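Below sits a lone chain in structure tokens, taken as the form predicted on its own.
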Amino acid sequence: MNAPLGGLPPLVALCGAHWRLEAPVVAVAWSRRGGPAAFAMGDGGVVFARPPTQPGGQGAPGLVRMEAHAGACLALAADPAGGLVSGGDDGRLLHLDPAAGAASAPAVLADHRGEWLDHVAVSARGLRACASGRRVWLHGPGSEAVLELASGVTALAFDPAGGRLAIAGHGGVELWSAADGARRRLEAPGYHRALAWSPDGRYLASGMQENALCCWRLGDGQRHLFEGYPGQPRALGFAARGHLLASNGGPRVVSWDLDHPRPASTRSESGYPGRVPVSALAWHPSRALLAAGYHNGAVLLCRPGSDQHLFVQGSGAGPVTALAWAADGAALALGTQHGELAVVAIPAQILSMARAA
């Protein structure tokens, strides 16, 4: 995996822009109104970048940095109303508007001084959630609340409609309803460390510390447990139609067909058949195409269930910590633990080769 096959340069050299900073990239998200990619940095800043407009990386605007948190920026999420929401180890929940420029100060949505806000989530209905320890704070129109949990919160995720908040922890996942504040417990033994909703809201998946993946079909409460991972599946993602669930947890991306009568029998693998663990992944928003990041810094585009792949970036940039597609699927943003970050305009010819997902 050290270099692309056939001597072809990786996509980042052909149609991307690339930078190296001094702090690790913690998370990445795209502003949802055609804005730039935003990178949450371990030194407290948030950096904005746009893909190049011309071949060879030409035409890419420079980075714009906004000072956000006094210590480290720990979490980042796109705000459906525009801009980004971030949480940090200074206890502040912030709203950042990239259109306002680097000189502008982020808006403070909440100040929970003394807390480390290492999880944030934003709903389509305007609710913002953040968590520290065993508490979740909810901020938004008519919904200021604090939820106390039985165990430490390890992940937060609103469903696509914005009406339910999933809260992961020990022994299962809790669902909080924005309509009436009711709480529903989805029990499953083990420590749940990552969450993902299917785009249609039918499925909720959690990655477990016990090297397993749990998935609930919420309509009838049916639960599936997928085992056999060599490591913890902490990066999860659904195909656009919501029927395929992909995860890391080993040296290849593993996918499951949830609409099959026996989902546990449908395991398929994607990407480079090597030994380097997958550290991050992201489904294309409309195509049958996966972006996979590895612990050695390589990033590939993969066909689900196939060994076929295309290098976006070669190895050597440190573990890939964050991957995200732009909402229109025309660009990919990536970041690494060693402070490498890039935005790549994916050629339309490549996207047209992947069928609709």
Partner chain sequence: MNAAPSRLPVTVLTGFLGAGKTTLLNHLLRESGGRYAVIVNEYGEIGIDGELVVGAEEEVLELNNGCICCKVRGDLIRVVSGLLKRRGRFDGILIETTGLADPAPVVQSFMADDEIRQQARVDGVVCVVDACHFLTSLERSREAGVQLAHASLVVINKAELADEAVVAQVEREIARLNPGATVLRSARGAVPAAALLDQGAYELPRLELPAAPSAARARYVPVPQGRHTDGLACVSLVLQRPLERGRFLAWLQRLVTERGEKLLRTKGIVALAGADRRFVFQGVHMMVDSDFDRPWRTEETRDSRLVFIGHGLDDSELRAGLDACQVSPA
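Remember, predicted model here, so these are calculated numbers, not experimental data. Numbering follows the first chain given and starts at 1.
The protein also exists as the form predicted together with the partner chain; that form is not presented, and the subsequent description refers to it.
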ask   = Three residues, S132, S151 and Q209; all within 4.5 Å of the partner chain in the model of the complex via heavy atoms?
value = yes
task = Identify which of A282, L156, V136, A72 has a heavy atom within 4.5 Å of the partner chain in the model of the complex; exactly one of them does.
result = A72
remark   = Partner-free chain; cross-checking the partner chain in the model of the complex, the single residue of G228, G82, G201, G190 with a heavy atom within 4.5 Å is G190
Region of this chain that lies against the partner chain in the model of the complex, out of 209-217, 236-244, 262-270, 173-181 [heavy atom, 4.5 Å] = 209-217
key: Contact label in the model of the complex: H295 to the partner chain, heavy atom within 4.5 Å   = yes
Contact flag, G274 vs the partner chain in the model of the complex, heavy atom cut 4.5 Å = no
inquiry  = Using a 4.5 angstroms cut-off on non-hydrogen atoms, would V26 count as touching the partner chain in the model of the complex?
reply    = yes
query = Quick one: does D89 come within 4.5 Å of the partner chain in the model of the complex, counting heavy atoms only?
reply = yes
